[in-house]
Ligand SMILES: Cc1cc2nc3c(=O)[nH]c(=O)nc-3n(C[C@H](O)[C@H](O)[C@H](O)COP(=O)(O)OP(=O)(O)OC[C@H]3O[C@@H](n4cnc5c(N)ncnc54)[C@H](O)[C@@H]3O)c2cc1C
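Presented as structure tokens, the chain that follows is alone, the form predicted alone.
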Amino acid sequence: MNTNLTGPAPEKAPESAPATSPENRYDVAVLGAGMAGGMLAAVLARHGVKVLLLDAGTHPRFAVGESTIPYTSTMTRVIAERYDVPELLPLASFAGVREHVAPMSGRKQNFGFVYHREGHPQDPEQINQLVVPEWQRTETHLFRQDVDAYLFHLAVRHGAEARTATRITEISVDAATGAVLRSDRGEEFHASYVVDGSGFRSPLADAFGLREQPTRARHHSRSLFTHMVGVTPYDDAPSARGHKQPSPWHAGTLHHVFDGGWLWVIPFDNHDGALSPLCSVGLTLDERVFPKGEADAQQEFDAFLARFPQIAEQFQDARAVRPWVSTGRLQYSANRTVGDRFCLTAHAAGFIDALYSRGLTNTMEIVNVLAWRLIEASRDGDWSTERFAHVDRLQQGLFDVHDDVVYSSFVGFRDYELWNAVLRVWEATSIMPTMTLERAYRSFLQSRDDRVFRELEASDTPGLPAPVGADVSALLTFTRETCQAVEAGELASGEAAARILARVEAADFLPRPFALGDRDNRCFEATPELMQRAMEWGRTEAPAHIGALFG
């Protein structure tokens, strides 16, 4: 049966509730007015759900999580069309963001990776790049303070009630009646359901002891980051003159990678007519290799550049224009993200690392599967934990998938050959799920049948969609176990690299024309000609469950 998400709301089933005035009784209270909270509140309010959007801060404000990937943009289109919120569509392309949402944003035409060895000149052969095909789309470096404010105001425009500068200090939940929230101002709010999209200091995680201690994450890292001006495009740096990558480094997100960490450069000034001189810069380090000392963030950054003079070429005239943020270990997780009348989502549920820009993608995955459940619950009164169980399975799966990818990458950073091999696995985890989601999106546009997306939830590998999930999961598990053997000293990095590339080469679910298992195919660009050959492979050689993606 096709659920009508845009029709009038039927009468709700009776629900026992405390005797509170209608003014402070809500269907859903959303904690946190960042991208997750703002987008979810906008979708819910658009469908007549009575939403309270709470945040301890105000807009505009600094935020990271600034880089989109193709999966993110496709999921944005899915949410916009599935839930009939057309104001979300501009977020799915650089042109739309620049014109309608955040003109201070930058463009993203590639993922660029430059490998460095301390004490050695950068080898121009040790580079990798995945080009976002311009003929298909352009991704975005989001100027988050404007994007978050846009979504916040969109939620309000659709009818959400917003309370900023309001910190929730106490939460109590009753499985039969809902939640009571109390603020630092002495206000009391009642809601049938609470969604916490706030962050590490999640009120719900604190109230119900949901943080895993210690986290199950294998990966270790800490970070320091800021916005800068005066950052030199790496294409103009002397050490980049020998590079032969297909797309300019400054046209995308640049990752300088090295044993023990990576440094991001996300420019907002990299297109004609750019309004912003800013560049997001962050240094992420394995805290076991680079323990945090007494130096402040600027001093630590300067000391790092002194160790890597060819990275420093980008920063000779750069200066920070906002205070540095310096963290301890970034990784945290939750033993459960769904319970009686509540759900943790986005960074309230857990975090791994900014590597590969998965944060926004995971956020939108959860908005997509959570929204229709909340809309239906607001109509039929069924707020049972069982209805939301899939949301927990998906969030935990997304966490573990990203942990495996990033953990393996950091092990790979020890040796370029191993890193070059692990990167192909990341490409597989990125390209194939994106193709799966894009096919579902095209099918929905033709049929407008919501079952297209509900069927995607029927995956045996939460965090990776069917039909590619099992194949990608097996490859990722093999890669992580191989890297664990390297970390334990049981396997040489060169042998590990050879095994991973051989496994990628033998993977029948990966399009043969992509040549992801070819060691020397360090830069991947999905040209129209390459995609045409991939389509032919899909029709004639691919396994049946993969060939359907090319139909």
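Residue numbers run from 1 along the displayed sequence. Treat the numbers as computed from the prediction; the structure is a model and nothing was measured.
This protein has a second form, the form predicted in complex with the named molecule, left out of what is shown; the following refers to that one.
Only one segment in the set 500 to 508, 63 to 71, 482 to 490, 40 to 48 has residues whose heavy atoms sit within 4.5 Å of the named molecule in the model of the complex; it is 63 to 71. The putative spot formed by Ala217, Met432 and Gly469 is not touched by the named molecule in the model of the complex; no residue has a non-hydrogen atom within 4.5 angstroms of it.
Of the heavy atoms in Gly197, some are within 4.5 Å of the named molecule in the model of the complex.
Remark: Phe225 counts among the residues lining the named molecule in the model of the complex, judged by a heavy atom distance of 4.5 Å or less. At a distance threshold of 4.5 angstroms between non-hydrogen atoms, Phe113 is out of contact with the named molecule in the model of the complex.
Remark: Ala56 counts among the residues lining the named molecule in the model of the complex, judged by a heavy atom distance of 4.5 Å or less.
Comment: the named molecule is not present in this chain, but in the model of the complex one of Leu263, Leu360, Ala251, Ala371 has a heavy atom within 4.5 Å of it, namely Leu360. For the options Leu437, Met104, Ala205, Ile168, the residue carrying a heavy atom within 4.5 angstroms of the named molecule in the model of the complex is Ile168. Within 4.5 angstroms of the named molecule in the model of the complex, the stretch 330 to 347 places a non-hydrogen atom from each of Leu330, Thr345, His347, taken in sequence order.
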